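In structure tokens, one chain follows: the form predicted on its own.
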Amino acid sequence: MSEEKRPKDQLKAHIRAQNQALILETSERVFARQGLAKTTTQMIADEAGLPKANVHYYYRSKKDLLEAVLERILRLWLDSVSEFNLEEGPKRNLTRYISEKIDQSRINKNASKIFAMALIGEEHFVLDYLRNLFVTELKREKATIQAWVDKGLMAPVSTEHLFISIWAMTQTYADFDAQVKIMLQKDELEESDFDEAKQFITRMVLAGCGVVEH
């Protein structure tokens, strides 16, 4: 490749990355607001300020676009939540994990809603992703939790039900934020509400798991 062509190729790659990011960010907002079934690529194009043809240039169909959005969401979640550290013990790890999950509900509310919609609709992409990745990660965390149980740092628990419960408690602040706002009698949730939720859920989980000081 000549030196003359490289800047042009770099510019094309930059434009492509910018357009894809814009389309995915816009899609996330529209899918969360309209629902997976009602959303059209025309709606996404209109909100992004792009011709519909540009959307289909990068994503051939709404299905391809939804899968790209879901993959982006799942990667974001996995990158933003720390793995358990055996040496730090259960109290510090569970406290941090719950805090990070609540932060995801606060910062990426739309992402959580789309994920919930996809699960309810049994989108094959999400189900396959969960089977291939989350189940593998759960096995690793299960081994860590069992090691803490063996050391007497916490009571024996079902790792599967522990994570199901934590996900349900933390993600409800995004998926059912309207219900939470009604219960708290607020028009919008504030950071202090999420902090209070972290503290409450953490106390429940640590007590329920019989976690001892470490």
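Note that the structure is predicted; figures quoted are calculated from it, not measured. Numbering starts at 1 and runs along the sequence shown. Superpose the two forms; the largest set of C-alphas matching within 1.5 Å is the rigid core.
Below: the form predicted together with the DNA, not depicted.
Student: Any idea which of 145 to 153, 183 to 191, 165 to 173, 55 to 63 reaches within 4.5 Å of the DNA in the model of the complex, heavy atoms considered?
Tutor: One stretch meets the cut-off, namely 55 to 63.
Student: Just to confirm, residue 51 within 4.5 Å of the DNA in the model of the complex by heavy atoms?
Tutor: The answer is yes: residue 51 has a heavy atom within 4.5 Å of the DNA.
Student: Can residue 21 be called a contact residue for the DNA in the model of the complex at 4.5 Å between heavy atoms?
Tutor: No, residue 21 is distant from the partner.
Student: Is the gap between residue 179 and the DNA in the model of the complex 4.5 Å or less for some heavy atom pair?
Tutor: It does not: once the DNA is placed as it appears in the model of the complex, residue 179 has no heavy atom within 4.5 Å of it.
Student: So, in the model of the complex, is residue 159 in contact with the DNA at a 4.5 angstroms heavy atom limit?
Tutor: Residue-level check for residue 159: no, no contact with the DNA.
Student: My question is whether residue 204 is one of the residues whose C-alpha shifts by 2 Å or more between this form and the one not shown, given a fit on the rigid core.
Tutor: After core superposition, the C-alpha of residue 204 moves less than 2 Å between this form and the one not shown.
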